[in-house]
Structure formats: structure tokens, C-alpha cells
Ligand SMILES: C[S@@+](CC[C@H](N)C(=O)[O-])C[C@H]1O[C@@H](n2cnc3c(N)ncnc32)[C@H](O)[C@@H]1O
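So this first bit is one chain, no partners, the form predicted alone, shown in C-alpha cells.
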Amino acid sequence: MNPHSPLDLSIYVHWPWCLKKCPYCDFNSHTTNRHLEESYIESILADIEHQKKLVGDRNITSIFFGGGTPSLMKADYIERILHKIDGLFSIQSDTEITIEANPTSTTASKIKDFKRAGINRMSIGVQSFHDSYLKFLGREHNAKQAFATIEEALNHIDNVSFDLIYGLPEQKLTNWQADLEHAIKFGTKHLSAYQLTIEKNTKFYTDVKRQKWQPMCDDVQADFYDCTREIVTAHNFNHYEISNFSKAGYDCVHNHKIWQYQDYIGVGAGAHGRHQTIDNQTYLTQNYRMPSTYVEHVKPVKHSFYRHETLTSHETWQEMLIMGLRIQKGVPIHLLERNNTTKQALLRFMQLGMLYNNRGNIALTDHGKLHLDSILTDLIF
């Protein structure tokens, strides 16, 4: 079922620390713990070595340093990790190597050091160019710092992306349009625009539950989504995934290949992976979430998993639909012709103008992109 070469592999490296926790974030992140960093890096190196034994020789298409706030890392840590990966797998000249960065931890000298260490793509967590919205989102930077960080990154790294968030309570559409125009004027070749979602185990979830404020209603969020697509695509960005836009040749290789169900391994606290092993079984993995627990388990037994289970063919089919329908290309039509129930659901959504046949693949229409969750619920469950 996997359309990619079994030799292709992506690697996700998780840095679990931030200066502080943002109120909307449900990622595995913790406040900075400097005394554990060296042990943590040593554990990541051991983790990579162990997982190499599971997956065998592979072609590394992408490496992604995510978090947390990976721009808090020393460049030396990145260099050591990349050296380990290169020694075990061999990094190619076209391997995409991304680091997520925040304006408060990304100086000009650090960007240069990251590039020297091997980083060739940077994804900056901007979120907004309006100070009032940044304050609401709990960000530590202001708009001026965001502008400066983007400009500095573009001076040294060709492939720079940044994130923006829309759908904030009482956010004005004109302010969002201004954010998008600012983003486009920089000349960046990739932009991620995420709708604010209220996740459990976050401060925002508690605030909403206590009725301190209310999320933007669905109809207005749909207006923001349509506005985003219209403005960004009018400037020759390709809407290649629900929340992601890029100029030709600048899709995020790492995320795009995972959405297309390519194998990937995850190293670091709480990191997920999904890969075929040398015995041709597809495994889903998840590491211990707490950095200290992760370090404790990697050292004595050389593995980081608290979850390591075989995916059934049905689970694989579900995952391929959930991820594949997010992207412009869609999923092969045969995945939706496996039984009468999915065939009937497919026909119904095509008649409603939510899905269409994209050269043998089933993909979302612009209208369908607004209803992906309900479409998946009907198709899968």
C-alpha cells in the first residue's frame, strides 16, 4: 500500500524544552532544563543507533528538528546529531534539514551557526504581526522582533517558512489580511496558516470551559480560511495541504512525505514514528514523553519506546486516508473502493462537490477542505 520506495526514510528529532508554555499548545514541551541537555543529546544519539537496527539501510529524504523550541539548542548538538545520522545512513546533498525557531531564541549569529551545522530550512513560529494578538497567544516576542528574525533568516537561508494563526476571538479580517500581505512581501517561499484550535490539556481549553472567552464561530472561521486561500494563491503559492502553501519546489519535504505515508522514525521525548522494519512489518512507535524518563530508558536498554506495536492492514488504511486527504494530490481511488460503505460515501461526497477524481486519486475540493473532519468520519467510521 505504501507508494514510496521502502528505502526512503524521514527522521524527526524532538527538542522538548521552551522558555515557557504557550496557552494554546498541547505539544510535548516543558520549561527549559539545562542540566539535562547533555544526557538528553547522548540519549538521542543512542536512540538513532538503536532504530537504525530496526529499519536497516535507508535513503534519508528529510530530517526535522521540532519541539518545543529547537532554536534553543546549541548548534553543536545539531552537528553531533547530524554526524551520527550521516555515519549510520548517509545524508545526501538534497536531504531537507529543517529546524523550528522562535524569534526570541534566534539571533543572527545562531542562524549562521545552524547553517554551518547543516540546517538548510528554517520554520519560524511567528503566529501574528500584531502585538495585541501575540500577547493573547502568550508569545514572548513582539511584531518588531518577528520582522527582524525573518529578515535575518532570509539573509542566510534560502528556504524559510513561517507560521501564522487565525481564528482568534474578535480578530478582525482586515488585520488577518494585513498579516498575510506582510508575509508575502518578505518573499518567503513557504507559509503555514493554522486555524486556532482549542486542545485539551491547555490553558485555552480551561479558559474557554470557564467562559473567560469564546472561540470564533465556524462560519466566520470559514471566511478567514477562504480569505487566506484567495490571497496566498493569488500570489502564486500552491495550496498543497490544508494549512500549507508554497512556491513551486518549496513544499515541506518532511511533512509532505509523511502525509503521503512514507516511513519515518522519531527520536527524542514523546516522538512518534511509523516505519517498516527489516521483517516487513509496519510499526507505530511512541517514545516516553518526559525528558528525564526518556533518558532513563534509553541509557540501559538502548531504546526509547513505551509504545511499539504492529499496525493492522485496517489501521494502515485508516491512517493513509486521514493523512492523504489533507494534501492536494489526495489518495489513490482504490483506497475508497474497498467495500460498499466507502464506495457509497465516496459517491455522496462527490455529488456534494466535496471530493473529486484527481487523475486517479480522490482529493478534496475547496469546499471539501472546510469539512475534512466530517468527511473522514463518514468514510472511516
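Computed from a prediction, not measured in an experiment: that's the story for all the values here. One rule holds for the numbers: they count along the sequence shown, beginning at 1.
In what follows, reference is made to the form predicted in complex with the named molecule, a form of this protein that is not presented.
Stretch 125-133 is the contacting one of 262-270, 125-133, 282-290, 175-183, since its residues have non-hydrogen atoms within 4.5 Å of the named molecule in the predicted complex. Taking non-hydrogen atoms only, residue 195 approaches the named molecule to within 4.5 angstroms in the predicted complex. The named molecule is not shown here, and in the predicted complex it never comes within 4.5 Å of any heavy atom of residue 51. At the 4.5 Å threshold, heavy atoms of residue 139 reach the named molecule in the predicted complex. Among heavy atoms of residue 163, some come within 4.5 Å of the named molecule in the predicted complex.
For the options 100, 152, 251, 96, the one in contact with the named molecule in the predicted complex, meaning a heavy atom within 4.5 Å, is 100.
Annotation for 54-86: interface residues with the named molecule in the predicted complex are 67, 68, 69 [heavy atom within 4.5 Å].
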